[in-house]
Structure formats: C-alpha cells, structure tokens
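Before any questions on binding or motion, here is one chain by itself as structure tokens, the form predicted on its own.
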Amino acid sequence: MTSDVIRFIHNDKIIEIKDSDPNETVLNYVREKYKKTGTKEGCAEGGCGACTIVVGTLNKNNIDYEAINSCIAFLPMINGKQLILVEDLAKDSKSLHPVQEAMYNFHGSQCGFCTPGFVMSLFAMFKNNYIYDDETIKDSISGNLCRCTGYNPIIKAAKSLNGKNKSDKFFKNKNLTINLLKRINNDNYNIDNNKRKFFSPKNISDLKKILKQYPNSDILNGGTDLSLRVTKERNNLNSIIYLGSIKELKYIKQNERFIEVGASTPLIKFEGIVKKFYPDFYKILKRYGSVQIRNVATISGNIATASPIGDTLPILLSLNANIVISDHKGNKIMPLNGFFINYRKTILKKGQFIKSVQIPFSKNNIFKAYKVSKRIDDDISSICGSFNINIKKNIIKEIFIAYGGMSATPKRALNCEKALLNNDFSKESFILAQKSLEKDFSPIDDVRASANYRKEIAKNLLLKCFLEIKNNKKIEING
C-alpha cells in the first residue's frame, strides 16, 4: 500500500500532513507551520546544533531516541517517527524535565539562542545512556556550538543527571507511543507536489522499480550533503528517493573475510562494531561529525557523494574495500579503488545505487588513520591520511596508502606505496618515500589549507605512521 500523507507522532497523537513540499525542512515546518519557535536556525548546514530535535524511531518493541539536525532534514524523513521538540519536554507548565532543570540549576543558558539545541542533545543522551561521563557528555554536545563559550556550566549540568530518575513522561507513555508508531510505520510513502516528487520505498524491490522509472532522481539517506543544495544553494530537488525506510539496507554482517555494511546503516550503529577491528577508523568516525550527523549519515552516502574530503573514503581505499552496486538487473561487486573518476564524479550510472560496502579484515596488517582539521570535533578535514601495512621480519610486504583532501578525488598514493614496498621498515625508507608523495598529488589552495601545507602535512602523517608503529605508541597533541 502507498500513501501520500506524512504521518508522525507528536505529543501522543498521530499528526497527518497532506500535500507537503518535499523540499521543506523539518526546521521550517515546526517554526513556520507548527509555530514552535524554540528550535532555532543557525547555520542551515548541520554544523551548529541550534536546530537540534529528537526523533523516536521504532526498534522492534523499543524506541531509539536520536538527536538530529532539523535544518537539513526534509519533512518527509520523519514519516513514521515520533517528533520531540524542546517545548515537549516539560511535564506541564510548572515542572521542568530533569535535563531542563539541570541546565537551570547550573546556569547552562547564557544568551539562550543555542540553549534549546543543547537541551535536546542532552535529552537524547539522558534517554540513551545510564552513566554520563566526560566522554559521553562531550560527544553528545560536540555538534552544539555555544557563542557565549558557556560549555563548562553545560557539562556540569550534564554530569548532575547521574542518578536522576529516568521515569519522565516519555518513559511513562512508552507503550502508547510504540503502539502509535506501529500504526503508522507500514506504508510506502510517495509525494507528487507541484512537479516535486518524494519516494520512500519500504523494500529494495520497490526501490528498483522507482529508480527504473525515475532514473534521474536524487538518492537521499541522511541528507548531510544533499540537503545543502536546498538550504545553502537555494536550489530545488525535483525528485528524491529516500532509502532510510528500507530495513533490508540497514544491517551489519560479519564473516571471516569482511564486514558488510548496508547502505542505510547510520554511522553511529557502525562505529561500535568497527572499533574492535580498526580503532583508528572508530576515532575518525567520532570526528566525522556530531552525534546529530552520525545518527543519519551513512558510509554509502559518503561514497556516493564522492567528496575529496569525505573522511571514510581514504580509509576504505587503504583497506581495499569493495562496494555492491545494484540495479533492476541485479548486483555486482567492485573495488572502491577505481570508483571515483573526477571531482564528485563516479562510475555509478543512472538507475544504480550502492547496496552495501564490504570492508576486509587485515588480521596481519597494521592500520593507521589520521584526520587534520581546524578544530577537533565536527569539522571538515583539511587532509585525511590512511595507512594499511604488513611487515614481516622488518620488511614491508604489503602497503596501501590513501589520502583525502589532496586531489579532486580521494585516492591511493601509488608512487609512495611503490617506494616502500619490499623495503626495510625504517625511518630512512619513509623519509625517501615522502618525496614520492609529490608525484602522487598536486593539491590546491583553498579556504581550509594551502597546497604547501597539505604537502607537508601529508609527508608528516606518513612519518607519524612509521614512528607510531616503530615505538608502539600514539603521538597525539590533543590528548
């Protein structure tokens, strides 16, 4: 069955919206149509957190509470979910939610503009965790910027939540919410409004049919990149196919050879799995973006976007990842190396989509990855370097090196690899190999870094990789 009505839960009621604009963001809807103005617009690109809301997503017989950036979430993306705004937290006009009370008691609000976003990020943390330590708190608010530099009171407020009674109104009404979510979570969802189309298929079979009929559609997962064409460039997306409702694409499988990650699996679900195998991959993911971003962003989306500064891309290249490409004819597996052909251009054809990513295990290899950016959290890379090395009897038997931010595409450093392969694992070998990087890359100057800076940093990261492996010790300046 297919519906053209958006349905979501708000304040224990099913809300229905007909004839919606597929390009309207959740932020604009709640402020302009719903008249709930606690949620603010700061950056319109998912970078400041002033627009943070929480969506409740049905997970079997439970609810996952996810903080997201409403400024880059299109309204149809909350179809089948629970919408929670800052105005909804308090039980009534006389009693604050524990998170709001903590912010009040510890003077966490200064000018107040960013405060609703902080409250919603802490609310999601409060619902999803039982212990609120420094790491959990700082990760939870890493995507929220305070213009008044008031982070210390906010962190103290968050710590005070330890031991608080978690039985808020959302806990008490949980069964009711689950039943309501089950009532609205079954239909395919399609919009056709003033020549703008939005498709939200529930299965791969329907996805392939839609893609065959509308091959020029934009494929949407988290929208962390695609949405900016509307919010920043002021363009219209005339046909959107949303993959976020396809359960068949939300999975992580593991066998003896690789981890396979479905196209709609959010990074936040993947990061806990990959940590066991590639700790540096996990660390890059924690810096990839805020919780709000990682709740919706996907590896497949990062690949399809083909940005030269996509953080997962050099990592996947150095790990020799494969991608599964699908269309109405079937599936084919191909190496990621060779997928990128020019700036934001790939070999993906109309009517095709990335079904999954296969990340091989390298049990005998040593893996290192580094991200350099102007700030530690929630920032775009100036350069990202990744290294996958097999060493036997101090001889480099295998080596795969990839960089992002050094060219029009993320790519392998083939000349550098050749310079190191079958040579001694020594400082001298790596210093000589640094020169080969100049054959591999001719970076440009831009707002994030100069070409010379990028060249020097790329060389330094190569040497850092050697020193960390040689001394079996991390070299960190932000520890």
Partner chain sequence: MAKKNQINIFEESKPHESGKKHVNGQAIYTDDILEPEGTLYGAIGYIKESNALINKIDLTDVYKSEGVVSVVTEEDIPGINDVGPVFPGDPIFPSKKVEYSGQPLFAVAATSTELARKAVLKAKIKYKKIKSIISIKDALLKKSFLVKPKIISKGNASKSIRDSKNYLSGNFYTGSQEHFYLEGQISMTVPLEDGDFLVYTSTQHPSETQQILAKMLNQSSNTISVVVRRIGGGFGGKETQSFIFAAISTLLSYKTNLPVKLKIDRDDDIIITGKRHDFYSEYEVGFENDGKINGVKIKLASRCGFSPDLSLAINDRALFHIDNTYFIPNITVTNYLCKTNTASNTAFRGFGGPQGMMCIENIIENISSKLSIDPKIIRMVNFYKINKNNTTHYNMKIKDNIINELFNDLITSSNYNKRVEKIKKFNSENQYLKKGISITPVKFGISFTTTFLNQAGALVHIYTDGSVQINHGGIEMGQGTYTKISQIASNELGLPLDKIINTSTNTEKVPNTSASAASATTDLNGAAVLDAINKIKENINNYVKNKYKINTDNVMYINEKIIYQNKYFKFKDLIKEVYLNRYSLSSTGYYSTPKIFFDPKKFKGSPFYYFAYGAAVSEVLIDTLTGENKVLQVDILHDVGKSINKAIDIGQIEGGFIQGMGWLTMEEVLWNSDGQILTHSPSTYKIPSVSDMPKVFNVNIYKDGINIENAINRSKTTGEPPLMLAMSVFFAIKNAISSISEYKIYPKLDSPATPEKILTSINEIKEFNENTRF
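Note that the structure is a prediction, hence the values are computed from the model and not measured. Residue numbers count along the first chain shown, from 1.
Beyond what is shown, the protein has a form predicted in complex with its partner chain; the following relates to that form.
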item: Which of 317 to 325, 355 to 363, 228 to 236, 212 to 220 lines the interface with its partner chain in the predicted complex (heavy atom within 4.5 Å); value: 228 to 236
item: 349, 195, 253, 345 - the one with a heavy atom within 4.5 Å of its partner chain in the predicted complex; value: 195
item: Heavy atom within 4.5 Å of its partner chain in the predicted complex - the one residue of 306, 181, 274, 380 that qualifies; value: 380
item: Three-residue site 107, 112 and 149 fully in contact with its partner chain in the predicted complex at 4.5 Å by heavy atom; value: yes
item: Touches its partner chain in the predicted complex: residue 279 (any heavy atom, 4.5 Å); value: no
item: 4.5 Å heavy atom contact, residue 371 to its partner chain in the predicted complex; value: yes
item: Partner contact for residue 467 in the predicted complex: its partner chain, 4.5 angstroms, heavy atom; value: yes
item: Contact label in the predicted complex: residue 57 to its partner chain, heavy atom within 4.5 Å; value: no
item: Heavy atom within 4.5 Å of its partner chain in the predicted complex - qualifying residues of 453 to 467; value: 453, 456, 457, 460, 461, 463, 464, 467
